[in-house]
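Read the single chain below, which is given as structure tokens and is the form predicted on its own.
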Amino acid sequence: MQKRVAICAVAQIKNDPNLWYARFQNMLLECFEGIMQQTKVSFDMEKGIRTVITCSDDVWDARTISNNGMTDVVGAHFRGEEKMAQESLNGLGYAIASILSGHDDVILYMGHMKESQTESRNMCTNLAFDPFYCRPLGMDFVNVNALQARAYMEKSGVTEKHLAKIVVRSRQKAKGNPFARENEAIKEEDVMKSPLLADPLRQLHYYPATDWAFGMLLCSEERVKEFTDKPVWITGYASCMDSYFLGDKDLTSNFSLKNATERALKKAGIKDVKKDIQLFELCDHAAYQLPMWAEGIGLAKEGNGGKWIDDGGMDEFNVNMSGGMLNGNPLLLGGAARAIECFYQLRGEAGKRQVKGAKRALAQSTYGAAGQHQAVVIFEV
């Protein structure tokens, strides 16, 4: 990228299993006020916020045009308001494109998701499949991810013991994150004895339903001093979509993640992902995905995910110091949670989980069955 885009401020509420007492507007308002207090940004039509991007999904919100209920809370009335009904890291990509293209120079980006109000996460994700063949078969993200998990575990030597280790570590790391969902501490044997969801995935191998909301203020390089003296720069972004139909792709190829990573690193001018990046936040909705995505971005050799875990790869490369998706972030907002952790870490504001000397970070997100769509963002200070 010739020009850079800055994240000036972030705000979030605590991840919670069931915010029954709060509408999503209340969740967003808390984040909105946090951004306003930190940056003193206004809604002046000359110098203030003229474009707002929101992230939500009609299916998960159980209402059509779900962003319609957000516009008043996020100040989007009589301004440009764009909706990202996709994984939230792509909303960040939309904001980057808006600024680099010259469309606008200050963007407010906010998102919400209340998974506690859905009757069934599996019914929601069943709608991601075609209506003639795959939906009637009952396909959803859990059982299709299970197909990928089995194939990947056989290819990369990942065992149930490895998956249990990943889950236990996730909860341990989350204890140092004040915004993380509060979960009970567990042992590896608890994970290995938890009920099967879809073989080989067990209940504790999969992220728990969670409610959450966030906000970010982004701006052009020319205007950053108006809002912060500690910007975090976005220097690379790319996304890639694999084939829609399951039978058209190799479940263990990591095709879309490799493609997105290669292009994001190239934009950021990074040649060696292991040496040049000090922190990695990966969207591990299910435990097997952490080593699989580590292979996809180049932290582990292809087919060596099990050995990478045995060799201490998760701690050596500072992967998911926030606790990751497994501890609990909403499915649609996992990428935003990863980006916000990178922001805190690079500003030296991550408290007990701080990675010393971190200058660059990588956030990855995925949506769709079996890692169909992947996005990667590079941050630096």
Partner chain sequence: MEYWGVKVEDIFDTMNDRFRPEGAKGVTAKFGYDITGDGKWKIIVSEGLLEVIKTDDLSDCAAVMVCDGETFVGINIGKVDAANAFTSGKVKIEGDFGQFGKTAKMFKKYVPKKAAMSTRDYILDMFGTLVSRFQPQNAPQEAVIVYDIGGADGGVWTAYIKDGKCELKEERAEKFTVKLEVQEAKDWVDVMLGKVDAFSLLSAGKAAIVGETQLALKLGEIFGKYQDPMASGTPEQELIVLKKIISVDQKFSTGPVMGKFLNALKEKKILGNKCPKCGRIQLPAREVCAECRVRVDEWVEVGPKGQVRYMEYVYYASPDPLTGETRETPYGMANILLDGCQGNDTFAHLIRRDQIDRIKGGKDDVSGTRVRPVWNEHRTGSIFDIKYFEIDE
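Positions refer to the first chain, counted from 1. In this text, all values refer to a predicted model and were calculated from it rather than measured experimentally.
There is also a form predicted together with the partner chain; it is not shown, and the following applies to it.
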Problem set entry | the partner chain contact at Q172 in the model of the complex, heavy atom, 4.5 Å | no
Exercise. Would D248 count as a contact of the partner chain in the model of the complex, using a 4.5 angstroms cut-off between non-hydrogen atoms?
Worked result: no
Problem set entry | Proximity of N26 to the partner chain in the model of the complex, heavy atoms at 4.5 Å | yes
Exercise. Hey, in the model of the complex, is M123 touching the partner chain, heavy atoms inside 4.5 Å?
Worked result: yes
Exercise. Only one of 129 to 137, 306 to 314, 259 to 267, 188 to 196 gets a heavy atom within 4.5 Å of the partner chain in the model of the complex; which is it?
Worked result: 129 to 137
Seminar exercise, completed: Checked E154, E119, E226, E182 for heavy atoms within 4.5 Å of the partner chain in the model of the complex; positive is E119
For this session: Using heavy atoms only and a 4.5 Å cut-off, determine which of H162, K114, K83, H285 is in contact with the partner chain in the model of the complex.
Result: K114
For this session: Kindly indicate whether L19, W60 and V73 are, all three, within 4.5 angstroms of the partner chain in the model of the complex, using heavy atoms.
Result: yes
Exercise. Within 35 to 49, which residues have a heavy atom closer than or equal to 4.5 Å from the partner chain in the model of the complex?
Worked result: F43
